[in-house]
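Encoded as structure tokens, the following chain is the form predicted on its own, with no partner shown.
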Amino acid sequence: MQVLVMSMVKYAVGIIGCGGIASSHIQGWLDTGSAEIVAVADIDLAKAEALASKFSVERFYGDYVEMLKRESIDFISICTWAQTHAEITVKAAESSVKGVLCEKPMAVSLGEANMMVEVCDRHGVKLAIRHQRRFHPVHLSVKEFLSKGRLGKPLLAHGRREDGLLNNGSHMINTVRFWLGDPEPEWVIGQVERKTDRYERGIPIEDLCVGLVSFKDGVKLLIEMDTPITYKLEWFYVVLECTEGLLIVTDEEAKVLSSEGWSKLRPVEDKTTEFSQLIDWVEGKVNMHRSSSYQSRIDMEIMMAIYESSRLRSLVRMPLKTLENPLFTMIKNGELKVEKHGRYDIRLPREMWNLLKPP
């Protein structure tokens, strides 16, 4: 009797942007066992060729639009800088891919984020943003613990990060909202300082900022970005106060203080990844991706509201109506005057600074 062996379905994946993060995307897709990388693209053709050679990918391009036209692609990973995310997402959706996994931050303005969601919805494309902590064992344990109400009602999450609100602040806002069940914001108040001509991968950013977010369920998030510190904190560090105790969370561990004293949460192991869940979402096996664009759009709204609050010098009630980036507006209008002149980019070597044009 002849036995038929059914091979697992292989989806064709294209990578746009061949910098450092692209390798982790390729490995993430390969680890699903259901995907193969058919082509990569980068405006620096040498980078595209090098990445293709590293992973034995046959085809590489210097123009992602050409790649989308020539290749039959099911999934796209967008590994470029944030100011290009909206444009690439739109073109990918119009090329009839099934799903897009885009690096964070989702975009550089609420208007861009809205457009990305609307275009993908119109074309039936699943769009997820790579906020990987939603799949991280420590952060899964925090979400599970809070859902059981063992510390009563969450009151205030207080976190601090460095290197810009859009860049790393997006991770913190997204992660805290994940723990809390993705509450929607009710109002935001914030302040921004920009006395140096500071950029992050070609995007003008603030020197520092602080934002207080009040969610509709009454929980608050206080986020500090690049504020002065007297001692070094973990890369990701959040203190969550609750009515019956508190949590201190880093990427390494989650510590709980309750009436029984200090304890540590056991990490929740989950083999699901942002890559495998995007495939499951497309196949209808899950109703929603943990890091869907719908949640990341809310994160964008919060960050833009922090900037808008500083611009207006007032509390901002949601939904936010301002579609452009208020920080860019303040810089353009001279409302944030540079006192220490000399443009610099915290991610790029000096010789590249003057080659980049602000969005």
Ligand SMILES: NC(=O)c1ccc[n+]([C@@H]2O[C@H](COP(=O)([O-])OP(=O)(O)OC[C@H]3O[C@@H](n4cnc5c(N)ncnc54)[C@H](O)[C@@H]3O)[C@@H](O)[C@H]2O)c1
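In this text, residue numbers run from 1 along the sequence as written. What you see is a predicted model, and the numbers here were worked out from it, not measured in a lab.
Not on display, but discussed next: the form predicted in complex with the named molecule.
- With the partner removed from view, the residue among 88, 219, 140, 120 that has a non-hydrogen atom within 4.5 Å of the named molecule in the predicted bound form turns out to be 88.
- Out of the listed residues 178, 281, 236, 81, 81 is the one that sits within 4.5 Å of the named molecule in the predicted bound form by at least one heavy atom.
- For the candidate spot formed by 21, 103 and 201, every residue has a non-hydrogen atom within 4.5 angstroms of the named molecule in the predicted bound form.
- Residue 66 falls outside the set of residues with a heavy atom inside 4.5 Å of the named molecule in the predicted bound form.
- Taking the partner from elsewhere, residue 171 is found to have a heavy atom lying within 4.5 Å of the named molecule in the predicted bound form.
- The named molecule is not shown here, but in the predicted bound form it comes within 4.5 Å of a heavy atom of residue 16.
- Contact annotation for residue 43: at least one heavy atom lies within 4.5 Å of the named molecule in the predicted bound form.
- You can rule out all but one of 295-303, 28-36, 325-333, 43-51: in the predicted bound form, only 43-51 has residues with a heavy atom within 4.5 Å of the named molecule.
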